[in-house]
Every structure is written in structure tokens, then in C-alpha cells.
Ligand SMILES: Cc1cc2nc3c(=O)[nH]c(=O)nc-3n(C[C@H](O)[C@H](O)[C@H](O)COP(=O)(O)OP(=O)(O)OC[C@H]3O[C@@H](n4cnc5c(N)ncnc54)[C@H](O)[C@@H]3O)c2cc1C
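Shown here is one chain on its own, the form predicted alone, set out as C-alpha cells.
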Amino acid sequence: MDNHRITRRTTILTNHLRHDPPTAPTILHNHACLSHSPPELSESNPTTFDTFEMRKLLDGHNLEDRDWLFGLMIQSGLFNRREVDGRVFVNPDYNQSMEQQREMTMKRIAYLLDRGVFRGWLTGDGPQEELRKLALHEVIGMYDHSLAVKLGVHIFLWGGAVKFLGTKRHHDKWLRATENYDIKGCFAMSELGHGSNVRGIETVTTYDPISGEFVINTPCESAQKYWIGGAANHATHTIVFSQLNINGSNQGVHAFIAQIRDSDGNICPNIRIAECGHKIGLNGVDNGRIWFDNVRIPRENLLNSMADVSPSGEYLSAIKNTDQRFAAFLAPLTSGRVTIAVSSVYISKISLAIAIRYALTRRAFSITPNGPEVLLLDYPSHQQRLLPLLAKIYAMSFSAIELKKLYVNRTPESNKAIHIVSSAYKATFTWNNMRTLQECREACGGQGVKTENRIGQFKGEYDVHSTFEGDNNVLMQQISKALLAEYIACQTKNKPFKGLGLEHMNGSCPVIPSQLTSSTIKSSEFQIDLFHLRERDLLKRFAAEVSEHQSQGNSKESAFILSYQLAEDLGRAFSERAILKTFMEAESALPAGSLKDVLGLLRSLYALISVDEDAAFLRYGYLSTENASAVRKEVPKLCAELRPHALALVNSFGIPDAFLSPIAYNWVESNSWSTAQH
């Protein structure tokens, strides 16, 4: 062993044995802990517009009713109140078992029922009563998806079917009883073998003229009613959608009322009910399966506004066209698509409010030596993750209001438009919601995974919206099929387009400048021209492709199926154009001022991010590569312009503190040692 190594080891042993600290200076320096304050205190950008006026635009109606219901839920222990850093939060306890969550759902319904929340939800008349119902249902969904769905099945589906498919005898017997929860209804349409294809359901109902009864039967396992909300535990009655067979002739799908439990909760004879099991979300809803073993019901239990059967067994209907009659029987689903579309917008609002508020206080990395860490939302990349999604939700908020007003003021003449628009928005809004939730979850890092911060849990809760009340891909193809029918009718009869926002097809084709300037790109005229160009060209291409497939010997349906790529592109073009047009109308209705200015920025960002994300603009040559690049470069500029308004824009949602999450206010204190002791 050399002298150097002996000396080194001696020094180390000596230092171990010494009691006095080493004299060498330490390389560690004390740093102050991260300071934190809520975004309201840390944001230096002043609010330039009235956030309450903005909220009135975004909610559109019944603000006082919404705030009243927010208060009812926040003040009750039934809604799992807890206090963090002096703030109250309400959020379902997802640690509960499936059975406990279901029981809590029913207790919360009873609480809201006792306080008159459901007053007029079925017995009220007129658009204002319906708007109040929709507003309150939206607030309930912002608290808990299970609670909203449980109510939606009972009121909107069961109750809506009785109201819209039934007649006075059904209304008198069932509507008030439903509103008061004297009975509990469910809606048995979906089957194991048939979901979106309702026309193909296999449950069969026949009529017995001797007893004057209908007989409902589940002929095979694929005909079992599946995913029926309320069926597993609580429902006493159901609407059964079934093929109606009269004297050996199938009259198509009809709706019947059947009792499945008595008032004590016992399952009725010849009815079999089973669980659907644990789900990725919505475990506060008791989804079940139902089999009918020759269940007899009175003749009067046929919901007969569209068709009836006489005591002797004669089939009667003023609607002779089977397709029109089938479409009429599906009317209750429209309300479901409306509520799903709108609730997706409100859940996106919650997630964006949390993620943006977090990004206004959370810092990461320094860009100068020993400099302060940078706020997440001051990174251009983080801005582009969240602010285009914020612009989309502003755009979709105006479209959601338009959809609701179209629905509550519906007429027989407008039913077709409501079906098409609600299908388009349901698909577009729910897909956007899932994308928004994922981006916001990631933008919150590990905090986004915690259930108490809501966003991660929302992903499991709301994923079902993509297939709920119609598979989104199927709905988008239905839209394209409807647009194709309009196109063919106008071409065949040589008449102008009218309705569905297609009037732009009557004018000359828009011309896009060969070189785009920044001011042109941000002008609403250019943006709507570009969206019109895409829609009209895709509609013509779609019609031509379907026609070409037919000329090759394919049936009309086969030709449509083979043209699915253009059908999907067209459905997207229709929906995004409708959203932009509605946004522009809302913006143009405002007087000049700061409110209008910031909406102009949001409208441009919505339009440009939609262009940037859709390959159709390049694929079909609506934009040159140079112009597409110019559009893309405007997106980060608009994000930077909107950055100072970010806090005010999410505050304009009007969401109470209690409905957000701890990280939206003080993510340090909500994770402190003191909170771990409770």
C-alpha cells in the first residue's frame, strides 16, 4: 500500500472520530421554500372585461336557479363536504363501494326532491320550464355524473317517453307520480345484441285479443335488455321498446309500460333482472339487465300517440310510412343527446378552470442562472396545450345554448333539424371533452391523478358519452347521410338550400386569397368562407363518391358505407361550421368594447386551431402549404394575446370554488402535513 493511500485513509478515520464539525465550507446553500398564493393574488394582469356579463353569455339562462342549487348542495353533508385551507369542497366519495355509491345517489335525490328541485320537470309547460329543468340538471351533473344520469333516466327518458309517446291516459297516471318519485322509472331500449341499431332489437310483443293484453317476451339471450340504468336495484317500472307483432305481421318498434318491481322492491313475476357489474365510472347508477318471460300487460300500456291497437287486435296508425313512424318513436332520445352534449361542455369547463388556475401558480425550471422558476402558463407550449381548448369551450358554450333553445321551442317541422344538430353536437362535444380531460390531467402532472382534484376521475366517468345515446361515429355518419339527402333533393328539384345552415351553398363558391396576411387570417369573413368552402366541397365530393359506387352496382346503403371516410370528414365540417357561425352571431350581437374584443380573440383561436387540426384543408387543397403554415403561426400569437385574460376567462364560467378542487387554489397547503392528519 503506497504512502498516498495510507495518508488518505488515516485522514478519513480521523475525521470520523473528531467531534468538531469540518472546517471546509459546505457546498449546500439554504434556499427559501416555494412560496405560493392563489392565482387571484399572484396574477398581475388586471381583468379588462366584466366576468359576470361574460358568465351571462356562457350560461345563457337561469343563473339564479343555478346558484340556488349550487348552494343547496354545498350546504349539505350529503354531498361530502370537506374543508381544505379554509375552503369548502364537495365531491363524491369514490372510495365507497358500488352499493354505497348507489345508496348515496338515492339519498341525494330524496334531498333534492324535498327541496323542490324537480318541480315542474314533467308537469310544467313551456320553454321557460324546460330551460329551468335543463339548467338545474347541468348543475347536478357538475357535482356527480351518476346523480345526473340517474335523474336523466327517470325524468328525461322514462318520463320523456311517457310524455311524448303517450297520450292523456298515460300523462294523468304517470307524469306527476314520476316527478314526485312515487314510482321509479327506467328505459329498456338497448339490448345485448343491439345498441345503436334500435330497428333491429329482438324483444317481441304480441297481442292477445281474448284477454286484451300485450305479451312481452325475450326470445333469446341477445335480446336481453342491457345497460338499463335503474334496473338493477331501484326501478319499479320500465319503458320496453319491442317489435310489435300483430296477427303474424311485424309492425316495427313500439314502446310499452311494464312494471318490474312492486312497491316493496320485489321483482315481479316472469321478470328476471341481473347486474351489469362494476364499471369504469358511473358506479352510483344501478345498470341492469332484464329478461321478459311472456310478461302480460294491459292493452292501455302501449304508448299510443303514434299508433294503437284496438280491443279486437286491429293495428291503427295515422303514420303509414314505417320509417317516419320509427323516427317518431326515437324522439325521446333527442333530449338525451341534448343533455349529454351540454354536460360535456360543463365538465370541460371544470377541468379547464382547475388546470389553468394550477398553471397560474405552479412553476417549473428557470431560464436564467439562479433565476426564478417560470409559471407553467408563461411557457408558450403550455399555453398552446390549454388555451385553444379554452377557445373551443367558449365556442361550444354558445352552440350548446342554441341547441337548447332549438329543442325547447321544437315543432314537428323542426324535429329533423334538432335530430341532426343534436347528433352533431353530441359527438363533437363529447369527443372534445375526453380530449380536454386528458390534456388537463397531464397539464396538472401527478396532482391530476388524485381523485380529489376531479379531472382524472372525470375521464372514467365521462368516457361512456362517446357511445351513450348513440355511438359518435354512427351519429356523424347519420349527419352526412341527412346532408346528402338534402343535397340530392335540392339538385333533383332545382331548389335552393334552406335550413341546417346550408344556405351558403346557394351562393358562389368562396375564393381564398393566394397569400394570407395576419389580419386576413384573423378576420371572421375569411374564417367562415374557409369553413363554407370545406363543407360545400366535401358535400359535393361525398355525393359524387356515393353515386360512383352506385354506378358500379352497389346498393345505396353499400355505397354510403364505402364512402365512410368522406362521411366522417363531412360530419366534422358541418359541426365545426355550425359552431363557428353561432360564435360569430353571439359576438356580433355585442356592442363594441372589451367583452367583444376578447371574444374576437377566442373566436379566431377556435377557427384557426380547427383548421390546423383538420388535414382536410390540405388534403383537398382548400389551403396551400404556405397558407396552412401561415394559419398555424397565428395560433401561438393568439395564445399569447389571451394569456393575460386566462384567469378572468375561467372565472367567467361562474363555477363555485366548492365545485373545483384544492389545486385550483393552494396546491401546497392541500398537500401539507396538517391535511394528512385528518
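What you see is a predicted model, and the numbers here were worked out from it, not measured in a lab. We number the residues from 1 along the sequence you see.
The same protein also has a form predicted together with the ligand, omitted here; what follows describes it.
Peer 1: Can you work out which of 82, 272, 279, 171 has a heavy atom no more than 4.5 Å from the ligand in the predicted complex?
Peer 2: It is 279 that has a heavy atom within 4.5 Å of the partner.
Peer 1: So which of 135, 258, 521, 464 reaches within 4.5 angstroms of the ligand in the predicted complex, heavy atom to heavy atom?
Peer 2: Selected option: 464.
Peer 1: In the predicted complex, which of 528-536, 466-474, 361-369, 298-306 comes within 4.5 Å of the ligand (heavy atoms)?
Peer 2: Answer to the contact question: 466-474.
Peer 1: Mark residue 292 yes when one of its heavy atoms lies within 4.5 Å of a heavy atom of the ligand in the predicted complex, and no otherwise.
Peer 2: Answer no; every heavy atom of residue 292 is more than 4.5 Å from the ligand in the predicted complex.
Peer 1: Residue 407 near the ligand in the predicted complex, any heavy atom under 4.5 Å?
Peer 2: Because no heavy atom of residue 407 falls inside 4.5 Å of the ligand in the predicted complex, the answer is no.
Peer 1: Are any of the heavy atoms in residue 120 no more than 4.5 Å from a heavy atom of the ligand in the predicted complex?
Peer 2: No, no contact at 4.5 Å.
Peer 1: Taking the ligand as it sits in the predicted complex, is residue 451 near enough to touch it, meaning that at least one heavy atom pair lies within 4.5 angstroms?
Peer 2: Close contact is absent here: in the predicted complex, residue 451 is far from the ligand, nothing within 4.5 Å, heavy atoms only.
Peer 1: Which residues from 393-419 come close to the ligand in the predicted complex, meaning a heavy atom within 4.5 Å?
Peer 2: Going through 393-419 in order - heavy atoms within 4.5 Å of the ligand in the predicted complex - there are no hits.
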